[in-house]
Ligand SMILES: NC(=O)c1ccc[n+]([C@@H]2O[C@H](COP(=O)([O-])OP(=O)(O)OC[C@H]3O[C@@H](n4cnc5c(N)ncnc54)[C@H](OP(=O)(O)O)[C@@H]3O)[C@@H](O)[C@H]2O)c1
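Encoded as structure tokens, the following chain is the form predicted on its own, with no partner shown.
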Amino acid sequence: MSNASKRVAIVGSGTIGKILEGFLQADHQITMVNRQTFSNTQWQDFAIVCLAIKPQDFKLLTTLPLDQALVISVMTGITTTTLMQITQSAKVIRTMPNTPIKIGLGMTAWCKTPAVTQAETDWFQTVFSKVSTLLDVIDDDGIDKATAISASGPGFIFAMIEQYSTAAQALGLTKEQAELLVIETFFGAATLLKQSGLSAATLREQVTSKGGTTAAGLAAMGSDNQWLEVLQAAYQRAQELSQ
């Protein structure tokens, strides 16, 4: 499968479906499929079908005749085995993007079934890397772990920023001052970490003077196990949704 223009069906017109349409439409012939047009869709016309409907809606389907198509899923909790059973296609790429894909800074974990060809894999990587960093996590369990870490991750980061801003306001800053200081600190620190080539531990040590303000704050942060507990809870829920 070359990177030439292809006929692509996107099933689902929600947020993710519209994002897919946005970065695919420049080079491919896109057809958006919704509840009203689903039953009349000629599935054999499409080389690629992207499934972006709610998992609970997908589970209501019994079969979807896509045996000749490459199926790309962005749905939480639907395993590659279930996707193959319902779509009747052996060629499935399961993906788990996160919300920064909206601005071309997404993180997408993915895995594929053995029947997906190298050409199809190359097409997927070329197209999706335009808006996202890609990581092949090999299998469905890898997707569940990535769901906890990168797909749910923006929610954890936003919660941290919210709490950090509230605490900054409690020190006497205005809401606007607190949010500017906090957001730019998160953005700058993450950018420095990505561009410096240094580990988070090394950068933390560089900013932490013995007996200084950073050391005092770090001492008050609490257990190192907090994030493990957060990720384990999210991972466990991802596994439950995949049952």
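Each residue number is its position in the shown sequence, starting from 1. Values in this document were obtained by computation on a predicted structure and should not be read as measured data.
Beyond the structure shown, there is the form predicted in complex with the ligand, which is absent from this document and is the topic of what follows.
Visitor: Does the ligand come within 4.5 Å of a heavy atom in each of Thr15, Asn34 and Lys54 in the predicted bound form?
Guide: Each of the three qualifies.
Visitor: Heavy atom within 4.5 Å of the ligand in the predicted bound form: which of Thr80, Gln125, Thr133, Thr99?
Guide: Comparing distances to the ligand in the predicted bound form, the residue within 4.5 Å is Thr99.
Visitor: Looking at Gln88, Thr113, Thr76, Thr121 here, can you tell me which has any non-hydrogen atom within 4.5 angstroms of the ligand in the predicted bound form?
Guide: Exactly one listed residue reaches within 4.5 Å, namely Thr76.
Visitor: Is Phe38 close enough to the ligand in the predicted bound form to count, meaning some heavy atom within 4.5 Å?
Guide: Yes - in the predicted bound form, heavy atoms of Phe38 and the ligand come within 4.5 Å of each other.
Visitor: For the interface check, one of 176 to 184, 54 to 62, 22 to 30, 200 to 208 should have non-hydrogen atoms within 4.5 Å of the ligand in the predicted bound form; which one?
Guide: Every other range fails; the passing one is 54 to 62.
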